[in-house]
Every structure is written in structure tokens, then in C-alpha cells.
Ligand SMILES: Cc1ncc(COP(=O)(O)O)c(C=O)c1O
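Here's a solo chain for you in C-alpha cells, the form predicted alone.
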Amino acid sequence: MTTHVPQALLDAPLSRERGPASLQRQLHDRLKHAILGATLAPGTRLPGSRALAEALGISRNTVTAVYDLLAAEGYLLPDRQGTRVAALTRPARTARTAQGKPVQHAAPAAPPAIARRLSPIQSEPAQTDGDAALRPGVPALAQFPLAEWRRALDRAMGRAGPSTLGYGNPLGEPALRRSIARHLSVARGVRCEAEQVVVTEGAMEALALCARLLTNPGDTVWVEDPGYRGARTAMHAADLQIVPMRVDAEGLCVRESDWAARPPRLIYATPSHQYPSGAVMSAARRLDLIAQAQRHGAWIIEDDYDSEFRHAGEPIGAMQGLVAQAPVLYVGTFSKTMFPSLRLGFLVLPEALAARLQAPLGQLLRGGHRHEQLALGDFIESGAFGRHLGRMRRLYRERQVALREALSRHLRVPHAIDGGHCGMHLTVRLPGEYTDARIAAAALRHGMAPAALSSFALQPSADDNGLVLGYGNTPAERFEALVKKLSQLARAAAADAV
């Protein structure tokens, strides 16, 4: 066995300049790469620490420390005769040309295998940051009362002891759960106690929990079509059979034959403000859906999307509160009422389920975000949350009116407007020749991010062509110029399609 200093270790001197990599780290990486690259073959006897230190002009302690670390990692095997390279199973090396460039093979390698349940999940259209104009789903971030929120955080941190640095209650901070239950009872007519509330990382985690807790792979779930893409993603990831259910002016449309042909285990609906159409589910349909769900042993997920921002008339109460012991799991989020990066939402379980799911939830969840949860509870109880909601309702009402006026004056293509009585977006339906995906892609290049209505549909129909225009984070004074540009882009898209 050779014990001379391998040339691979002497090709370049170790750098002594101040930098992120110490001499020890440089030597460690050089030896490791030589071993992984087979420059140092298995069984190669390495020189003693003194000999290598002299050859490299570094201290013997540095070499000894590197040898010890590589031995601990399994790259080297020290014994009485010295130190040798361990036998490793190496990944296949990429063939390279003489210039060191990878060889381009005629047949590319197969893509890595992933879970089959993920194959139906499609990437969303190109996204931009929240500052892009007309992007739906983004609240008025510049109007959020940061000073009040900072004071709530300071109070939470000041009152909190060392124990709050732990995981905490997996279902959420008790103070926040009580605050959420009180707020929902007053503002949304939800029937619940704090023990039924589970704090989640936004609505998406709440939807995923519903699927994990109540379904088995292969079960059927009904989802609105067109509808919220995140709900479809959560159901696909749970290996459920998704049945798209059409939406009309009264919301989710279910026929008697649907219950016989494709009975669901779960039903996903946004009854107070359907996303993206803005439809409100009628009382008759709500009551019928609850009754049929009870009869067939199904659960309804009520996503109360944007319901806090009602612009006309009295707020529409939650479906969950219509009937005692309704088979409804109520989902909400603070991403719109507060701000998206807060990553806090909630799930209200039916009373009977809450008791049975305590143990599974305790194992599935781990708590966390405790100071933010305590601050949010304080923010609600102090009245700051209610004041903020009131200000945002007025602001969004004004912006919605301004956007309607701009569309009326400057959108020079045939169109019809849906929604507007709630939330932070309008849906503009367009004739088929004005391809919504083409318009949305062109708008993105001009700093606008309207969503193509067709992208929300699992089984797009001729009616699912249009633009979903968010006005939450776009000042009203910009609407005229933005709509004029959209009008130009729509006409160009129609001309290109001819």
C-alpha cells in the first residue's frame, strides 16, 4: 500500500486568506471529494498526520482533526497500521468530455419517481409578488396597522414566560381559541366552544386536516367547479376521488341524482362567497345540502372565504350555524383579514368530532407560533381586529365601486361582471374569442396579475372564460389606466387568435 502524499492533495495550496472556510474545512472537503470521486481508491493508505502536515505546510493538529472527523463520518478507517480509505458504494458518475463538460446523451434520464397521488396536481399560472396590480387574494398590505400589531406582540412577549418557548398545546393557544370562538359566534353566527377550535397554519392546513381525519384513500369528495385550486390540491394529496360540481348563481349546484350516482364522503363549499364567482348559496340549498349530508353520512367543509368583507346589506351568516349538530367543518384564515405571512388559520370541528379527534390531533400537530398566537388573541380582544376589519370593509367597498366604474368606462370588449357584494375581487366573464389565459399572460408582462377564470375549473365550460380581478392591494386611482391596458391586451389577444 502506498503512503506517499497523493498528488490530488498537493495540486493547489490551501488558502490562508480570511474567509468562510478554515484550513481544516478546506482539507476536509478536499479529502472527501477525492474519496467520493474515486481519486483516492478504497484501501488507499493515507500518509501519517505529520507527513501530510509538512507537505501542505499546515499544523499537525489540523490534519489530525480532519482525519478524526472523516473517520467519524465513515470515509476513513484508522487502524494500527495507519489510516486508509473506506470502501464506499458511490452514485454513478456523470460522463464528461475532455473539457470537463457533461456528455449530452441522446436519451435523457427518466424523471425521478414521485407519489402517484401528486400527478393530477398542476402548477398554477406564473405568479408574481403581492405588489402586482389586480392580483386576487391579496389584502391591502400597506393599510395594515403595524404599530398596533407591534404593541400586541410586545405585550405577548412581555407577559410570556420561558414555558412559551416550548411547543405548547397542539391544537393552539387556549387564549386564541377562546377569542376565535367568541368572534365567530358574534360575527359569523358559528355555534362553537373554544374546545372545538383548532389553530392551523392557514386554510390549506385546515383543509388537509379535514381530508386526513375523515377520509380514506379512494373516497369521493365533491368540490366546486370552478373553485379554489388549493382545495383541489389538498384532496388530490389525500388520494381522494375528486368529483367537480358546477356552480351557478346560487352557488354549489347538487342534483338528487348526484347523491345516488356519486355519494361523497366530503363536500367542499364556499357558501357565503363562492370563489371565484362571488355567488352566495341560497338558504334553500344550504339546508338541503345539510339534510342530504346527514342522510348519506357525508361531511361538509365550509370555507368561509372573504366573508368578513360584506359590502352590501347585512353579513350573511355561516352555514355551520343554521342547524344544531350540523355535519359541517368550518374553515377560516387570517391571511386576508390580517396578512398572509402570519400563517394562522383555524378549523372548527363539530362537537361530536372534537371529542373523538383529541388524541389523533395531539399526535398530528405540534403547536408553535405561540407568541404570534398570543398576540393575535390580544389583538382580537383589545378591539384592534374589529376596528381593522371595519376600515378594510370601507376601503374595499370604495375600491370595488371604483373598479366597476373603470370597467364600465374603459373595458372596450363585451363582458359581464360577477360578484362584488363581498370580498376583494370581481370576476369579469368574456366571450370565447378573448382567451383568458392569453390575456392573463400578457398582463403579467405589464405588471398586472389578474387570474384566468378557466384556470379555476377542473372541467372548463364555455362560460369559464374571463378574468378574476383583485382590488384588495391595488389603489383605486390606478384602475382607469390598468383597465385601459387590459382592454388593449384583450383586443390584441382576440386579434391574434383569428
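Keep in mind that what you see is a predicted model, and the values were worked out from it rather than measured. The first residue of the sequence shown is number 1, and the count goes up from there.
Missing here is the form predicted in complex with the ligand; even so, the following discussion is about that form.
**Q** Exactly one residue in 204, 77, 417, 411 has a non-hydrogen atom within 4.5 Å of the ligand in the predicted bound form; which is it?
**A** Of the listed residues, the single hit is 204.
**Q** Please tell me which of 83, 233, 241, 335 lies within 4.5 Å of the ligand in the predicted bound form, judged by heavy atoms.
**A** Contact with the ligand in the predicted bound form is made by 335 alone.
**Q** Consider residue 343 of the chain shown here, and say whether it contacts the ligand in the predicted bound form, taking contact as heavy atoms within 4.5 Å.
**A** Yes, residue 343 is a contact residue.
**Q** How about residue 379: is it within 4.5 Å of the ligand in the predicted bound form, going by heavy atoms?
**A** No - in the predicted bound form, heavy atoms of residue 379 and the ligand never come within 4.5 Å of each other.
**Q** Is residue 268 a contact residue for the ligand in the predicted bound form, using a 4.5 Å heavy atom cut-off?
**A** Residue 268: contacts the ligand in the predicted bound form.
**Q** Though only this chain appears here, would residue 385 touch the ligand in the predicted bound form if you measure heavy atom gaps against 4.5 Å?
**A** Close contact is absent here: in the predicted bound form, residue 385 is far from the ligand, nothing within 4.5 Å, heavy atoms only.
**Q** Which single stretch, out of 327-335, 310-318, 371-379, 281-289, brings residue heavy atoms within 4.5 Å of the ligand in the predicted bound form?
**A** Partner-contacting stretch among the options: 327-335.
**Q** With the ligand taken in the predicted bound form, which residues across 287-304 come within 4.5 angstroms through any non-hydrogen atom?
**A** Residue within 4.5 Å: 303 only.
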